[in-house]
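Only one chain comes next, encoded as structure tokens, the form predicted alone.
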């Protein structure tokens, strides 16, 4: 586990709501995920110093932002805030909005030309905010926040007002920020695909509290957290590393904890890490290794346990390799034909989905 960049233990009481959230922000992108009204935006405002009535502690690696005896104002915390409504200065051009942020930063921060290049802002510099599309305005808002020289970026559902296509175009830009500029992100969202495509870690929030905090694979692969994620169907997240390319057949081979998988249409270079989602509906169990089939991937698995959620289907937890988990959704009749029981060895034909290919 990497070292914490920001630690917090905060409380805020309002009529009908109480925030009592503790956690830490590490390098990379942490998604703050939860249903509307659970306190995500309130927590961001507390971290930024916008809620003067908040009690508790906020400690950045550069020093204490808040304690029982100390309170740093917003400008001294240097937490960059980006909201879904962008809040650009309407009377200033894009160039002037960026320059305003750059002039006000205390010292240091990302290079202006690099920010403009990474976010593709050069064609927009002379426009006013009213002449920008929603996606363009969000890119400018990100650029302005970066040029303010933030220690952390706090993004409050920045893509919520955009259509799906514009979201997919901006997400790679957000994903590149921590590595390109060395700035950690706390990213508020209630869209699961944004978490899966963007985040390194997840904070699950419910009723003003952090209910869980772990890496994306651990959260999404754990049945106990599926209800908090919106009652998702059984699934796992696997990390894979590209180990071979077959250009003749257009296949890429990944090494995973569950075994080697072959995927088509993946152009990642050797050594690159790839995140895979394998839903229970994309796993087919068979008794023997197939001599020939339309499935590219067949892995030996062992039944760990069988859940009966109701209806005609069973949820089967499987072990693949020495430590990887899979889930399969199996009709009761098929389960009887396969003689499913814990310890039974089978073959799993799987169809993984690669996440984050929008870049």
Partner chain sequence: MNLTPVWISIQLATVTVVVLLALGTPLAWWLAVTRSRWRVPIDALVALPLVLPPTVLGFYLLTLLGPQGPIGGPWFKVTGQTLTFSFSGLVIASVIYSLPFVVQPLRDAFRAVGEGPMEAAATLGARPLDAFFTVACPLAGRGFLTAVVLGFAHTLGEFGAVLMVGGSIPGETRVVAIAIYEHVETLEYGAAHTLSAGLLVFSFLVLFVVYALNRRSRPGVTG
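Numbering follows the first chain given and starts at 1. Owing to the predicted nature of the structure, the values given are computational and were not obtained by experimental measurement. Throughout, rigid core stands for the largest set of C-alpha atoms superposing within 1.5 Å between the two forms.
The protein also exists as the form predicted in complex with the partner chain; that form is not presented, and the subsequent description refers to it.
A heavy atom within 4.5 Å of the partner chain in the predicted bound form is found for exactly one of 314, 50, 298, 57: 50.
Checked against the partner chain in the predicted bound form, the candidates 121, 198, 202, 81 yield a single residue with a heavy atom inside 4.5 Å, and that residue is 81. With a 4.5 Å cutoff on heavy atoms, residue 89 counts as touching the partner chain in the predicted bound form. Taking non-hydrogen atoms only, residue 101 approaches the partner chain to within 4.5 angstroms in the predicted bound form. In the predicted bound form, the partner chain sits within 4.5 Å of a heavy atom belonging to residue 75. Residue 304 falls outside the set of residues with a heavy atom inside 4.5 Å of the partner chain in the predicted bound form.
Picking from 233-241, 177-185, 142-150, 246-254 the stretch near the partner chain in the predicted bound form, with a 4.5 Å limit on heavy atoms, gives 142-150.
In the predicted bound form, the partner chain lies beyond 4.5 angstroms of every heavy atom of every residue of 190-217. Once the cores line up, the CA of residue 90 ends up 2 angstroms or more apart between this form and the one not shown.
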